[in-house]
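Take a look at this single chain in structure tokens; it is the form predicted on its own.
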Amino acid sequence: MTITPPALSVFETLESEVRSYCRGWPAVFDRAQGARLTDEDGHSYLDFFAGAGSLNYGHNNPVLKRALIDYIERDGITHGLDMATTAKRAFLETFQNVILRPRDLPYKVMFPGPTGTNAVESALKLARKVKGRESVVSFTNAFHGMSLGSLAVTGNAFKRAGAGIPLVHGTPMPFDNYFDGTVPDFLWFERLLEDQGSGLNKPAAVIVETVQGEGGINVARAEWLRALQELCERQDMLLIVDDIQMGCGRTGGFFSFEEAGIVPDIVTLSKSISGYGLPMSLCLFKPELDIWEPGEHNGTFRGNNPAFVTAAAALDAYWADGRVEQQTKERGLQVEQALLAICAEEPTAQFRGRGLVWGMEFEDPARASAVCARAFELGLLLETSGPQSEVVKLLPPLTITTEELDEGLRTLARCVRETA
């Protein structure tokens, strides 16, 4: 049954024109559970977007909801700046015991502010402070956030233009396979670093996504990431991995860089670290980099204690054993097989991805938007990505059932056929 969009009234008359997702999904949502949302008219939607990766464990996950309700009902601290609280202690201890120690990761934990761009800003600031240099290298089609420092290392021209001022101290380099395998990895980058006449200021750091989400689901090979880490070590640059969208299990392992066997100097996490969709972010770094003065990087909402509660509950429930990682890989194979079948019938499309993040790219960029629009009409939430919005992005909750995943993939196949 095709869903008819409602009149949005106050959203169109009062809310700013900057709104975006609601334009592609013209419904007034009211409730959500697991992988489904329900609008105020009772229509159900299968969610293949998961809050842009903020809801890896689904909407209103019952385990996390119970922990949150219990905490609120006992009048637990809600806002705590960076004060020590029982909720923060429980999260830190759980994060250390469940995530860091089993992976032999030595990181210190910083709470920089509630959003992903806060984490990136703190990472950039720390790298520059440690190395005493201003320049940071990023990659083509990167996305690292919407504040000025993060935008300076973001590739998308439309988003960069919104800054309204020149974005400085960021230098882009080609991402993996940017030249379709015709140029050796890092040839241009290393030549510029070694040439005293190149005009490239010595970078403090390199920031990279192992899978570029907003950039079009561009997947870096493990060997490329290892070579990048080796280059950073040779050239005395810090390696920052932005794991805001791809971390917390999205690609399989808790960190997306685990498969490559690298240990970045700095890692940023946000989105699904709280587990419940509550604002929270982390900046992780090797202990020798912890040269901050007290209060040198600050923020009113670093102490979102309800997020600490749900984050600890998520780690205990989903990461104390290897079941989620294995399940994500199995669900990923299910998606891969479905996309293989769709692309066999659609010669203008190709697909790529890892774990439970996948993208289907169309030769005609308008086709991706048409697929997503038809999907909404059929009760499936999909979004586009890529510099021309040419990629249909699949980002379902990690907790989605095989039946729900199959339902969404069948709907996607129908949308591709009907928009041909």
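Because the structure is predicted, anything quoted here is derived from the model rather than measured. A residue's number is simply how far along the shown sequence it sits, counting from 1.
Not on display, but discussed next: the form predicted in complex with a further copy of the same chain.
Comment: 172-180 is the region of 321-329, 246-254, 338-346, 172-180 lying near a further copy of the same chain in the predicted complex, near meaning a non-hydrogen atom within 4.5 Å. 51 is the sole member of 379, 51, 355, 365 with a non-hydrogen atom lying within 4.5 angstroms of a further copy of the same chain in the predicted complex. None of 235, 96, 350, 334 but one reaches within 4.5 angstroms of a further copy of the same chain in the predicted complex through a heavy atom, and that residue is 96. Put simply, residue 31 is close to a further copy of the same chain in the predicted complex: some heavy atom of it is within 4.5 Å. Residue contact check for residue 268: none of its heavy atoms lie within 4.5 Å of a further copy of the same chain in the predicted complex. a further copy of the same chain in the predicted complex comes within 4.5 Å of a heavy atom belonging to residue 128. Residue 55 belongs to the set of residues with a heavy atom inside 4.5 Å of a further copy of the same chain in the predicted complex.
Contacts of stretch 266-299 with a further copy of the same chain in the predicted complex, defined by any heavy atom lying within 4.5 Å, are made by 270, 271, 276, 277, 278, 279, 280, 285, 290, 292, 293, 294, 295, 296, 297, 298, listed in sequence order.
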